[in-house]
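The chain below stands alone and is given as structure tokens, in the form predicted alone.
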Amino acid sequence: MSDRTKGGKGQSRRTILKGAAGVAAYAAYARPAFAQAAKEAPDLAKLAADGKLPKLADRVSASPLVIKVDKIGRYGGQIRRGLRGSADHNGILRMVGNQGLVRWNLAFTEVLPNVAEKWEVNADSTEFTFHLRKGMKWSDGKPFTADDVVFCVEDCAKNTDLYKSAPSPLVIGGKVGAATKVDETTVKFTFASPYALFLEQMATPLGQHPTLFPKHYASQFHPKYNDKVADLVKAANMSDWPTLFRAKLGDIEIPSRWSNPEKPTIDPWVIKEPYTGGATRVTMERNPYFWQVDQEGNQLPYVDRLAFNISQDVESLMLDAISGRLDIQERHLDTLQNKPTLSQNMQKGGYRLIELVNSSAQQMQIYLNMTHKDPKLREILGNKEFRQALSLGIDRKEIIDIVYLGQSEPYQTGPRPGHPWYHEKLARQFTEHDSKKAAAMLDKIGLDKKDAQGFRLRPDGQKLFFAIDVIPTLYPDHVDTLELVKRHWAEIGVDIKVNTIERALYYTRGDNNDHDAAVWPGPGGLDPMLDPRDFFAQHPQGSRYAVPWTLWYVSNGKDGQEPPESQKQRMKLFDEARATADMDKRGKAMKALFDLTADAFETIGVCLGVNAFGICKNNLQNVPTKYPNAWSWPNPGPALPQQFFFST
């Protein structure tokens, strides 16, 4: 075996984020002395002195993760952030839930130790042996061991009652890996085929399953460990044990992850006031058993509490920001339209701006449902020339000038300019505005008949019309963009509805394949291997142009719909790419994949994703001046909010 503590690297990510890496914290290997010399928050010290809490040395791991902070902080205070409505749970995840086996560095270029203090990978990348921190504990004081990791994977993630298909980060070549206990603090993952991308996958939010469920608590809701779980289901008025399990334990991306204050976690703060349907705010308090310290042995986090007020609109969040009632916030405020107002009120609000480096390819990707339940509409949306004509019908310059204040350029999808895998055809084809050519293409494919209003008719005589789902609370710029697209497409005889809906309904319609079309920021600009959903049907909730094809892929052909040959070739190429640690071979496989994606032209992009921004109170310290803006790097989590502190 070779000792490999660094994951695969992206040259362009290092280039684009150059300068960010040295700003904030980095991890060093822990030393047992810290556990003996460690210091703690005054309120915890008092509890320990009163015998109400074990001494710090008995709470912190014998080998805690040492975070080298820029400035040694002071304890106390409350960080205030904002959420939108009852389905903004990932706003909490991004701030708190970043505690996987490994994590990203600040520059988004390297995988670092986290819950696992070190690991070994065998020569063909089929075995990964993780060494957990000795003495590490859950937030209720119970030991965190290899048994927890094995439980999370073998009893939960691989349980078909809980998961129809095993989470994709645990699957390679259609086969899910196995987690086995070596000893109390050592666990081995074994895969049937090489999986060189496994460490990087474990650093993303979707790689958190191995550390998500505390066995000592969760097993009471699992029939394998409790033969009377039916009584609990009945008492809770639930339909079955998986429903009860989810209500008590949640999952990576569902609101109930943050709704049960009794659930032990390994996060820096734990739920005090839960995130439920009627909640107006969520609060969290420091985890007395948190397993990270600064370089002088001070237990993290520095800040006592988090408070998330739940707003129903962006205007309320803007008022809170301008009035100085938010301490750090980028989510929901980071549209370019808000930047002038927030810039003008920096002194009044007592905050500064931080830069968020865009990792996406696309500001807004349009996904026409090529697996639509209506066979007539499916035939039209699945016609490549139809999609190409719609792309030519978009006046991207107008959108960029009006919605994005001139700060972007026409783009389809693919790695961003400057990335070593940048693909010209994939990025630029059909981005010119040519309504005459678009109309001629639509005529040619049999959509040449029109109604009295000038809108085209389908071959069956019905008006050609479809709705595009968009979430206004999450991406208000998408609504503005779609309103312009609606006008552009009306000029070539295609009518659409800008279907503004709440986020939960957006997901439900997509999951059920009930949507005509949908929009979302197109990922894969800096992290094409980690989020390739726009390059082939890979993401069960994100590849919205063909969710049933995704289900076929992730279930190894057992569920969903068999995709066309081009898709199957790309699925095979991606599996080859993520199985090899040889970057040349990986690059060649992805180049072939991008060629096929460009030829298929399945999604329609508008313009290259632009950098965003956030606000940060002037007295909140150890916050990087810029960091990535990505789902795979769930900002601000990898910037380590547990090291933030108030200087006054």
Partner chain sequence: MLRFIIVRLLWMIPSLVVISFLSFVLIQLPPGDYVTTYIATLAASNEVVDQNTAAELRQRFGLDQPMIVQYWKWISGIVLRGDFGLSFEWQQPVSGLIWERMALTLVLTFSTLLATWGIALPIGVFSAVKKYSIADYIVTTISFLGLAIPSFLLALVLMYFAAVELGQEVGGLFSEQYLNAPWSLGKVVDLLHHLWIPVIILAVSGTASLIRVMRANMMDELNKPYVTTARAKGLSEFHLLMKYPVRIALNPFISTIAWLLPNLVSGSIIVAIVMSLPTAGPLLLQSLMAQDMYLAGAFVLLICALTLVGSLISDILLALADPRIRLE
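For clarity, every value in this text was computed on a predicted model and none was experimentally measured. Positions refer to the first chain, counted from 1. Whichever C-alpha set is largest while still superposing within 1.5 Å between the two forms counts as the rigid core.
What follows is about the form predicted in complex with the partner chain, which we do not show.
- Here the marked residues Arg281, Gln312 and Pro540 all reach the partner chain in the predicted complex, each with a heavy atom within 4.5 angstroms.
- Note on the interface: of 412-420, 399-407, 435-443, 324-332, the segment with non-hydrogen atoms within 4.5 angstroms of the partner chain in the predicted complex is 324-332.
- For the chain shown alone, Gly141 is not a contact residue for the partner chain in the predicted complex, no non-hydrogen atom being within 4.5 angstroms.
- Among residues of the shown chain, Arg533 is one whose heavy atoms approach the partner chain to within 4.5 Å in the predicted complex.
- A residue is said to contact a partner when one of its heavy atoms sits within 4.5 Å of a partner heavy atom; Leu319 meets this definition for the partner chain in the predicted complex.
- Using a 4.5 Å cutoff between non-hydrogen atoms, Asp480 does not count as a contact of the partner chain in the predicted complex.
- Think of it this way: in the predicted complex, the partner chain has a heavy atom of just one of Trp549, Trp520, Phe198, Phe191 within 4.5 Å, and the residue is Trp520.
- Here is the short version: of Gly135, Pro255, Pro113, Gly173, the single residue with a heavy atom within 4.5 Å of the partner chain in the predicted complex is Pro255.
- Within 4.5 angstroms of the partner chain in the predicted complex, the stretch 227-252 places a non-hydrogen atom from each of Asn237, Met238, Thr243, Arg246, Ala247, taken in sequence order.
- Taking 2 Å as the criterion, His216 does not count as shifted between the shown form and the other one: its C-alpha moves by less than this amount when the rigid core is aligned.
- For Ala179, a C-alpha deviation below 2 angstroms is recorded between the shown form and the other one after rigid-core alignment.
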